[in-house]
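Just the one chain here, laid out as structure tokens, in the form predicted on its own.
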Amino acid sequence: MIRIENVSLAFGKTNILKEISVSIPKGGITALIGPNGAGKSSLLGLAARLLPLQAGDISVDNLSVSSTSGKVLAKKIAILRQDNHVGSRLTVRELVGFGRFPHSHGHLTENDHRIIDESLRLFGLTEMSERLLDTLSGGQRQRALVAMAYCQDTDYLLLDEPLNNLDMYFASELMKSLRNIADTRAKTIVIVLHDINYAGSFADRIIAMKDGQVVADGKPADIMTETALGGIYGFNIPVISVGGQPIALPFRR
């Protein structure tokens, strides 16, 4: 379980997060949604210790994020940030293999290579594994970065807008892969999404943030309503049912 208790964050006089308390149980997919600037990425960064904790406490399986050693934490939680800068002369396999560093420290074992192969296969990268990153499209590179985070083989996988640069087909395929990983490999996935329909279709739980606070928290059916979405985003968002699945229409005139 990821337990977040009374967490606040400020940069100068700007309050980014305001006394957030929420728990994310083990297993399944939890989606973080909300307007730009709501604090979603900052909350993920604090949970992975990419940002220093200013107030409150965050623990992962009862391990304090603030005081647990980096070596231990890196085997418990992996994160894919929005802004990833990687060398363009790396191959896809080499990039994905970086996910094994907390385990192998650069000396890959037979088991490491097995996990790298599995990660490449799960994210449809096997055939391009020897290609250099600078020969890939933005979407292909994004899938490789997700595979690298998965390859770290942690219980918790934090993904900050992993659908960036992905077209409709590959965005759907990635979400299907993440759903399969959560269901069959006992992974806990926390994912920041701007497309609320992907959140509604694939997540077990949706946490909505606005102005640095949690404003809604529940099952997709509870959040994917005109009333709830209107309160989160500040404008009317019609919701229809397609095959029993609620679909939001934020582009409707």
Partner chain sequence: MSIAANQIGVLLATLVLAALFLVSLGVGAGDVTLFGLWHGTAELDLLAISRLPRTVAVVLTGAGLAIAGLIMQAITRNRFVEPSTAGTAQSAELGILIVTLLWPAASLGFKTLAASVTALLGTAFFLMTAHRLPPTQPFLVPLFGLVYGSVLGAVATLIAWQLDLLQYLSIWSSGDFSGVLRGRYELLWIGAFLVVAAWLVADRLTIMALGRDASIGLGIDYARMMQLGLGIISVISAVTVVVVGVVPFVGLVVPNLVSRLMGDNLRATLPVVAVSGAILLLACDILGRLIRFPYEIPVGTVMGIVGALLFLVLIFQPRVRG
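Numbering follows the first chain given and starts at 1. Since the structure is predicted, the reported quantities are computational estimates derived from the model, not experimental observations.
The next section is about a form of this same protein that is not shown, the form predicted together with its partner chain.
- Residue-level contacts in the predicted complex: of Val92, Leu159, Leu178, Met148, one residue has a heavy atom within 4.5 Å of its partner chain, and it is Met148.
- The listed set Ala55, Val215, Leu50, Leu63 contains one residue whose heavy atoms approach its partner chain in the predicted complex to within 4.5 Å, identified as Leu50.
- Just one listed stretch, out of 130 to 138, 165 to 173, 179 to 187, 117 to 125, contacts its partner chain in the predicted complex at the 4.5 Å heavy atom level, and that stretch is 130 to 138.
- Its partner chain in the predicted complex comes within 4.5 Å of a heavy atom belonging to Gln152.
- In the predicted complex, its partner chain lies within 4.5 angstroms of at least one heavy atom of each of the following residues of 58 to 74: Gly70, Lys71, Ala74, in sequence order.
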